[in-house]
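Taking the form predicted alone, here's one chain by itself in structure tokens.
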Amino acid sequence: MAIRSSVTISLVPEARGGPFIFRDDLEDGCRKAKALGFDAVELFPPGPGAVDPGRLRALLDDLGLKLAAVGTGAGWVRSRLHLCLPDASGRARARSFIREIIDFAGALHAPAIIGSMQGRGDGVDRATALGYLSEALEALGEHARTYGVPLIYEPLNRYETDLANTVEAGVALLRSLATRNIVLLADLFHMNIEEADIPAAIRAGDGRIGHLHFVDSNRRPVGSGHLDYPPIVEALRAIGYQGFASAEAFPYPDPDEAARRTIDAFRRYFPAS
């Protein structure tokens, strides 16, 4: 299986300023993705009941697209929920939100992503927060297993979390868990902030990296920043990466052009895919 291309679609009104190339219109985003030659879409829904799974399945089947992954971040953006909240009831609500997204995505044979919903040590010390996060990941990783898909965990930069900022920290966290059904998301934007050597970090994550956010240093589409892609691509090939390269990027200069630049870059860097 080759590395496959994907583009993001956000349906969350509160996230209109966020790093999503297409937004608001699911069908329009999917049709544009297909017309440009993307293999898949990555969806950021407002919640687990916001999109009819039957309608989405029919749309994707009709267009010959895959669902690369489904984000859970709307739980944070809309309700300020995360897995490390000081109060048990808030943590339970966060876990329930993610579990329902896993159900939605899993029924469509796609994994869910935990990024901003991991939270941080606000109101509790970091060790306690990591304990809360680990407990939740154990349960949610095993729940995803019931659908035959992994759960995706995303290390974020220091301005967004104080729990795991690098691939190395993400690997250490996953190794501390009993579940083996969680993979890492290597987001090149976050890695540009935190990693001393992005290709080396990718190689060190061998066997754990299951998803890639294909984006430039400034969160704009590939080619709009200063990342050096050939060594990154070589590192991905060295570890035998077989997942999606998904464009979680700002729609710069506009959604259609951002998508076009992304797919052009994907074909340039992954010509055999």
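A quick note: this is a predicted structure, and the numbers were derived from the prediction, not measured. Start at 1 with the first residue shown and count on from there.
If you look for the form predicted in complex with a small molecule, you will not find it shown, but the lines that follow are about it.
The small molecule is not shown here, but in the predicted complex it comes within 4.5 Å of a heavy atom of E160. In the predicted complex, the small molecule lies within 4.5 Å of some heavy atom of R219. Contact annotation for S116: at least one heavy atom lies within 4.5 Å of the small molecule in the predicted complex. Shown alone here, H82 lies farther than 4.5 Å from the small molecule in the predicted complex, counting heavy atoms only. The chain is drawn here without the small molecule; in the predicted complex, the stretch among 122-130, 151-159, 164-172, 95-103 whose residues come within 4.5 Å of it by any heavy atom is 151-159.
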